[in-house]
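Given as structure tokens, the chain that follows is alone and in the form predicted on its own.
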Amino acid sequence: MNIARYKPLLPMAIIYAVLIVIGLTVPGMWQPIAYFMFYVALGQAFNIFLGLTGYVDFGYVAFLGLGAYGMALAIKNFGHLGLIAIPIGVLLALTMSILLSLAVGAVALRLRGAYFAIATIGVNEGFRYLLEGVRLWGGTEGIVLSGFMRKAFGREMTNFLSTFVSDVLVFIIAFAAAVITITILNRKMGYALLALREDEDAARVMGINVTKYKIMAFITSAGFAGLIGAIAWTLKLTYVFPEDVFNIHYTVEAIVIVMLGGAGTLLGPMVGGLLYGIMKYYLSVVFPGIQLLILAPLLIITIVAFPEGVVGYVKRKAQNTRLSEYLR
């Protein structure tokens, strides 16, 4: 393995370490940093498909929602086994999100561009109305886990899981998604996806199995979305309601984060997630009620100023310098 190709992970690891130190040492900062990291992890996971293929999946939040339900079902049904219910929930979340991605990908990935986006836009809404209509997994009432968790794990452990362990696991998920991204970029799959993103027809003519690589990226991205749903949603919030967890605005936020930081770059989702999370959080504190009116023009100005994303701009400026070794 060529270690030099993994150098861009170094600045990311340093930034995560700084965030953890700030969160642990500055009173009242742990939860805001956990909030920012949710967006970083979401962007990092979404970037594996959008950034590397150029395809926009508007139904992406459905994978997050199923992951959240996977963890909720595991805690509800296996809570009597104690903390073993958590890894069972992680496996169930992964399985459910990957199975859905296989079903959606087998149909939707035969389409391209706007047709693919249209085909996926109803996936999350379809699942939401299915759950509510047939009253599956609690229907509109969802699954409330606080009582189950206190009974299964104890009050102190439940608080520890939802206020600290879940946040640390989100850091790990975000970093793991980055490691997978750079591994893909450094391998044959990364070059194939790059060719696909630039010109799918030309890539196919050159003998690249574009369908195989699109499905691989789709499943990988969906699996990480399932993990985020299980950990950052269910384990942290201790409830799952279909109207919340299948809300399309999380997909829109993921698109904004990836475009803000730089689609297809390794560091872009981290930068985009931090920028978006910090702006959204502090605007809601300083200008409650009108924060979105201020956030929207700020995002537009940023994207107009950096059309390739912030990291894409910095990469271009840093070409032929030693800094470029750490930017990707």
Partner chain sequence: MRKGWMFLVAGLLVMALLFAGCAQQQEKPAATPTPTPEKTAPEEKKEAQVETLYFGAPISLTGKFSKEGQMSLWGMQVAAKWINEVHGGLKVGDKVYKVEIKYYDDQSNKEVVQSIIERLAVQDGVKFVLAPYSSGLTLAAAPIAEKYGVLMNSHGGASDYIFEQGYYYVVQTLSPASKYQTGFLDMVKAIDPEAKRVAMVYEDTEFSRSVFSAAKKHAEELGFEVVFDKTYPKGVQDLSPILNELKATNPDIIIGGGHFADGQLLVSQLADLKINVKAISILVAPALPKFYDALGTRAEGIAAPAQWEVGVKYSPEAAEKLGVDYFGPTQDEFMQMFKEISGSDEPPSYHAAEAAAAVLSYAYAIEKAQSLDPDKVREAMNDIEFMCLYGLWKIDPETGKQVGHEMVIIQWQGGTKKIIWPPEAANAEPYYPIPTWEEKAQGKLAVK
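Positions refer to the first chain, counted from 1. All figures in this text were calculated on a predicted structure; none of them were measured in a lab.
The form predicted in complex with the partner chain is left out here; the points below concern that form.
Relative to the partner chain in the predicted bound form, residues P32, R135 and E243 are all within 4.5 Å by at least one heavy atom. Partner contact region in the predicted bound form: 152 to 160, out of 194 to 202, 152 to 160, 221 to 229, 114 to 122, criterion any non-hydrogen atom within 4.5 Å of the partner chain. Put simply, of Y213, F171, Y250, F127 only one has a heavy atom within 4.5 Å of the partner chain in the predicted bound form, and it is Y250. Scanning L10, A305, L24, A17 against the partner chain in the predicted bound form with a 4.5 Å heavy atom cut-off leaves one residue, A305. F175 falls outside the set of residues with a heavy atom inside 4.5 Å of the partner chain in the predicted bound form. Taking non-hydrogen atoms only, Y239 approaches the partner chain to within 4.5 angstroms in the predicted bound form. The partner chain is not drawn, but in the predicted bound form it has no heavy atom within 4.5 Å of Y55. Proximity of F49 to the partner chain in the predicted bound form falls outside the 4.5 Å heavy atom cutoff. Residues of 140 to 179 placing a heavy atom within 4.5 Å of the partner chain in the predicted bound form, in sequence order: T140, E141, V144, L145, S146, G147, F148, R150, R155, N159, S162, T163.
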